[in-house]
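In structure tokens, one chain follows: the form predicted alone.
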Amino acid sequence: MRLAILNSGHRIGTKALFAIIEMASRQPLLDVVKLVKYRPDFYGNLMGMVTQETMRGPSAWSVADRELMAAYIAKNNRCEFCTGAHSAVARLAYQDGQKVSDALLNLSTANLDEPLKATMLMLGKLTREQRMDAQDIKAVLVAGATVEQIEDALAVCFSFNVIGRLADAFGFAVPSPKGLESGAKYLLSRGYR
């Protein structure tokens, strides 16, 4: 369901900001920006702080690892917008597009460190089945991840299960490859503020 108000329900200052973003990026404004700026006191400001801390705050996971987790969660949710957006950021952050493609195509055969691979398998199960148990956590610990890394990964899972569902509910348009690349550069340099 696409709500027209996401295209037209913003204040004049926000509309001016959108025009500047489109002019500077030379790309159509991403729907996710329209969502976070629509009634920002209800959703956008709070979720922006949570996502910024989750994706760019202190963590033993690299920014690239967390972006790959976000893309994998999106893939499990079949959210085309989020899969494209976060795989583009992960490719840029790793400087290794093949690594990201391999992980999203077949995680079990991808050339990833065992703690990351085991963590992503857990996140995929949690996303698909909406449950996990002590054995799932134990498998990630045995693979070498720490308790703090598991907590950080679960925060990524929370953020991108919320955002992915909103993207699908509001019918976010999937940007062109150039648009994804432009968005990836922005997210990598400025984060989720």
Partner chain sequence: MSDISRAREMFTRRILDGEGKTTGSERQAAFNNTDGAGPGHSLIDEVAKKANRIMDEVAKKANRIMDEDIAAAKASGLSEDQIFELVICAAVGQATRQYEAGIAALRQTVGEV
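Since this is a predicted model, take the numbers as computed values, not measurements. Positions refer to the first chain, counted from 1.
Same protein, other form: the form predicted in complex with its partner chain, not shown, and the subject of what follows.
K.L.:
I'd like to know whether residue 18 contacts its partner chain in the predicted complex, with contact meaning heavy atoms within 4.5 angstroms.
P.N.:
So residue 18 does not count as contacting its partner chain.
K.L.:
Using a 4.5 angstroms cut-off on non-hydrogen atoms, would residue 26 count as touching its partner chain in the predicted complex?
P.N.:
Looking in the predicted complex, residue contacts with its partner chain do not include residue 26, since no heavy atom lies within 4.5 Å.
K.L.:
I'd like to know if residue 6 sits close to its partner chain in the predicted complex, meaning any non-hydrogen atom pair within 4.5 angstroms.
P.N.:
It does: once its partner chain is placed as it appears in the predicted complex, residue 6 has a heavy atom within 4.5 Å of it.
K.L.:
My question is simply whether residue 83 lines the interface with its partner chain in the predicted complex - judged by any non-hydrogen atom within 4.5 Å.
P.N.:
The answer is no: residue 83 has no heavy atom within 4.5 Å of its partner chain.
K.L.:
Under a 4.5 angstroms heavy atom criterion, identify the one residue in 143, 63, 155, 33 near its partner chain in the predicted complex.
P.N.:
Looking at the other structure, the residue within range turns out to be 155.
K.L.:
If the criterion is a non-hydrogen atom within 4.5 angstroms, does every one of 87, 113 and 180 touch its partner chain in the predicted complex?
P.N.:
No, none of 87, 113 and 180 comes within 4.5 Å of its partner chain in the predicted complex.
K.L.:
Select from 27 to 44 the residues with a non-hydrogen atom within 4.5 Å of its partner chain in the predicted complex and write them out in sequence order.
P.N.:
Going through 27 to 44 in order - heavy atoms within 4.5 Å of its partner chain in the predicted complex - the hits are 35, 38, 39, 41, 42, 43.
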